[in-house]
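First, one chain by itself in structure tokens, the form predicted alone.
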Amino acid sequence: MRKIWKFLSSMQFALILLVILAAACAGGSFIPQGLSLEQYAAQYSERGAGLILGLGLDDVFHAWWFLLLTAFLCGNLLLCNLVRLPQLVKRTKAAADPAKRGAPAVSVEGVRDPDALFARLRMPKPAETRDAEGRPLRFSVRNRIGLWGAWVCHLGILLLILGFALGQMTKEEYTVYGVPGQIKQIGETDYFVQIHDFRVDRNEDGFAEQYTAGLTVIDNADENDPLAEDAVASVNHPGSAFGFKLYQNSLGDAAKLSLRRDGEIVQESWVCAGDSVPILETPLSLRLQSVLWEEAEGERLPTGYAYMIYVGEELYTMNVQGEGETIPDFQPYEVQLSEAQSYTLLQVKRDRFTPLAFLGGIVTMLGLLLAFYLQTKKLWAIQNEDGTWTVHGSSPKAGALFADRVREEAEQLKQEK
């Protein structure tokens, strides 16, 4: 049992888990996620599709085995830190004990003013005591906190993995699209997105270079007292509100569908390219395929609307309506598509554990800084019978560099004297 416990808390087990998880992530990047059995069969054969779905490779980050491996990795890192903690506390205390100086990495004899050498090496004021032989001893230690570098780094990695895993398990992701003036619900939540404006910046060839939406996210959990937060979302610059991130995913064409009878409007709604709108209480529906545009005097103007008409799920007819014309298939109604403009398609995501992953990244960087830039250094001086001092120094991780520095400063101090 002890051997099993030791293996589960070892770095060897952690490396094995990391390799397996890395392979799983690579597989998830090569295999398209979230497709149907038929779509996988078309790409990988029926046997391959069955294997993908059976192993959960169609949704790697939510597969039971991926979550189990992640749990094992988090448990391993936690055990590693807990097992090492008592020993690390002892090492930290021992580093400040003059009686536990350890073997020196460098020794310089004939030093007349050890305090000056301590100061030149930026060591804290030395403690004055005596060694086992009763000789005067001055001892100083710097950067004991550097001993905690690896431990803090492991803690950061644990928080990072935990934040990522919990975020993948609980994240929310929705798609919202519409034109300015519309209010769209975010999935089945109590939140709504109001689109105020949508600006598309195009290059000389008419291609969109940047598009930006002015938005308001409304929390309607309390209908009597709704809350609202404004946000601006553009490409590569998502907006934020109520913990949601709003990403500009795409854009497309939209038009206003108007039905009139005897000159009065009886139905009016916006329809985006690719969407269908039912016509009153009839089995008919109209699908907007695309908007036709032309450039005129630096302006982009609509010239027509390609549409399809369905009866139930059966295609009845398709045609193109010119700007200002009436679709002739709905007598006695006058049906028009007009006011063409661009709609915004937003990807709305919420990951409640992003702050935990962010904290893990900060803690990991802090651990690396402690490990590499705050290396523990010890310096002590023992007085000889002739009144001079022998200075010793050591540093577990930078012994050679610290030894060279001690020699250089001691030599310069002798020359100045």
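Predicted, not measured: the structure shown is a model, and the values here were computed from it. Position 1 is the first residue in the sequence shown; the rest follow in order.
Quick note: we don't show the form predicted in complex with protoporphyrin IX containing FE, though the next part is all about it.
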inquiry  = So if I measure heavy atom distances to protoporphyrin IX containing FE in the predicted bound form, which of the stretches 313-321, 72-80, 132-140, 176-184 falls within 4.5 Å?
reply    = 72-80
ask   = Thinking of Arg122, Ile362 and Met365 as the candidate spot, does protoporphyrin IX containing FE come within 4.5 Å of a heavy atom on all of them in the predicted bound form?
value = no
request  = Could you confirm whether Leu147 comes within 4.5 Å of protoporphyrin IX containing FE in the predicted bound form, counting heavy atoms only?
outcome  = yes
query = Taking 4.5 angstroms as the cut-off for heavy atoms, does Val291 touch protoporphyrin IX containing FE in the predicted bound form?
reply = no
key: is_contact(Lys397, protoporphyrin IX containing FE) in the predicted bound form, heavy atom dist at most 4.5 Å   = yes
is_contact(Phe372, protoporphyrin IX containing FE) in the predicted bound form, heavy atom dist at most 4.5 Å = yes
query = Tell me, which of Met11, Leu401, Val19, Cys25 has a heavy atom within 4.5 angstroms of protoporphyrin IX containing FE in the predicted bound form?
reply = Met11
request  = Heavy atom within 4.5 Å of protoporphyrin IX containing FE in the predicted bound form: which of Arg91, Lys171, Lys245, Arg260 fits that? Just give me the one.
outcome  = Arg91
message = Residue by residue through 131-164, which ones have a non-hydrogen atom no more than 4.5 angstroms from protoporphyrin IX containing FE in the predicted bound form?
response = Leu147, Ala150, Cys153, His154, Ile157
